[in-house]
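As a starting point, one isolated chain is supplied in structure tokens, in the form predicted alone.
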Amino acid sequence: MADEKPQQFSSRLGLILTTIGAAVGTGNIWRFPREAAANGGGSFMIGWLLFLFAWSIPLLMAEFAIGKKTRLGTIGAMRDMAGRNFTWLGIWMMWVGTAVGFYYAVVMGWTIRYFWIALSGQMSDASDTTETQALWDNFIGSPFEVIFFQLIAVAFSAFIVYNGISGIEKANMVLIPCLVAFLIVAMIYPFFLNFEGAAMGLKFLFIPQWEYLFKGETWIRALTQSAWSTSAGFGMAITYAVAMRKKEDIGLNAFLTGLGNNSVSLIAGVAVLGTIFALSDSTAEGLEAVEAGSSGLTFIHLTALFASMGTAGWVIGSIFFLAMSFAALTSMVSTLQGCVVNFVDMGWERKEAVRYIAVAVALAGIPSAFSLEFLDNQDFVWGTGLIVSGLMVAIVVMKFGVSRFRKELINTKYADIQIGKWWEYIIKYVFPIEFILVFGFFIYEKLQDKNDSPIEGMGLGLFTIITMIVQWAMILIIFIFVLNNRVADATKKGPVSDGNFDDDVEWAEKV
């Protein structure tokens, strides 16, 4: 074991592109367009933008401030901010982010595989959705092939994390501009193919269907999309704030991260819906594709549309799936980094931690590679866990003192913009209401789900609230009663471990 030398981002641009990269993932490309089109288009967009400022950005501010002040990963940060007995909050945040990485590596493997399918010309052999369905079924029905591409995904991600913050920053300085450039190409091209059809896609994305404003589901979907898409509560912002420069701002960086993420979602939304409606024979066919679910929309319907374009489809399809691979990679990197930082805080060598964690993530992802049902279950359980992590961050802020937190940790002397009391009202009053609504909707939705595949005689389904609570309970019991004190003792002390939050430690000068 050895102490890890502190690392810093070399510039604000590097930090922002890295945090945007952590936030931007496959959900921006395949989930956002589908959610928007299915929930009233512009009506959904109103809620989505509202919750960016009423949930995501306020949480990002809190996470950035916690990470910058404690200079520790989620475990040490929660210990120092909330007290030793609450170390388990940080363990939970690390676990949830890593557990998402178990199956997310499998999804990233899908995108790499389909990039190769598009680039090699295999996609052009599929002339309709029946054949792309068969292509998908053959791939997903070959677990060892899925595992092979999952291992490639983990290896790429681990290689970037292996080189520390400098490697992560350099990778995102290349990946994010390329991702945006690829999506812009994919966004523009459908208008040359079929302007009227592509414009129909814009209609479904931007024009409000006013009746949806009066449906609770529209608002809940908008909130969950904003929360998951920006990774608010994920611990990502805490992790990267550890390497913030001392004079770095909190408020403006949170705004730039949230707005940057949403901008990528908008570009992806136009690209996906523009392509679908430009190449569909009818509006009904386009809507069928939109309603096909995330994997169905991407790997069946969009693949068939690209195949129908001939040579142009080979180019655009390759660009599209490469963009998805880049989006998945930047998110997967942040997942590994979030875990690695905590192990480094406990005395591990960085490179040793990366090796062990990469192997663990690869092995833990194998069940998801073998079973789509298992993958969907884990996505439900730990995807919902991200919302709980967000609540934990808000609780820590309340325990510290919301007003004091804003004045001392956000509005520092280095702040580019001063954050007003509106932030306090959101954290204290609005945020708990939003959480109750989101969680309540999940419970209602799952209780109404008639396709929940209950286990005979037990009433337990793969996607029921019961199975989620059972998995959460098992993990929390271990974290609270077995690991809390041990991990609290093992994790090194940060600048505020003595509880003196007014002591402005010159951490950055140690680099």
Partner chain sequence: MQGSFSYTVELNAANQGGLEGGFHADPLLIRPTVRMHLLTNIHFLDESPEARIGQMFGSYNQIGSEGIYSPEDTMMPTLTILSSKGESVGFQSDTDVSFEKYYANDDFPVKVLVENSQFMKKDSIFLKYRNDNMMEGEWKEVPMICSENCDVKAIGDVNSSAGFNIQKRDSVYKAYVPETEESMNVQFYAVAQDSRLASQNFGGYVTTGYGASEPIEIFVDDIIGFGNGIVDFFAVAIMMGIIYGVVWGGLYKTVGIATEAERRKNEDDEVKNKAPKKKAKPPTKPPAKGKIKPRTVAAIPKEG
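Computed from a prediction, not measured in an experiment: that's the story for all the values here. Numbering follows the first chain given and starts at 1.
The same protein also has a form predicted together with its partner chain, omitted here; what follows describes it.
Mapping the unseen interface onto this chain, residue 255 counts among the residues with a heavy atom inside 4.5 Å of its partner chain in the predicted bound form. Among residues of the shown chain, residue 204 is one whose heavy atoms approach its partner chain to within 4.5 Å in the predicted bound form.
Contact check for residue 404: every heavy atom lies farther than 4.5 Å from its partner chain in the predicted bound form. Taking the partner from elsewhere, residue 150 is found to have every heavy atom lying beyond 4.5 Å of its partner chain in the predicted bound form. For the marked spot (224, 399 and 428), a heavy atom within 4.5 Å of its partner chain in the predicted bound form is absent from each of the three residues. The stretch from 77-85, 334-342, 266-274, 432-440 that comes within 4.5 Å of its partner chain in the predicted bound form, counting heavy atoms only, is 266-274.
Note on the partner interface in the predicted bound form: the residue among 387, 99, 171, 200 having a heavy atom within 4.5 angstroms of its partner chain is 200. Comment: its partner chain is not present in this chain, but in the predicted bound form one of 194, 283, 166, 142 has a heavy atom within 4.5 Å of it, namely 283. Contacts between 25-59 and its partner chain, taken as any heavy atom within 4.5 Å in the predicted bound form, involve 42, 45, 46, 48, 49, 53.
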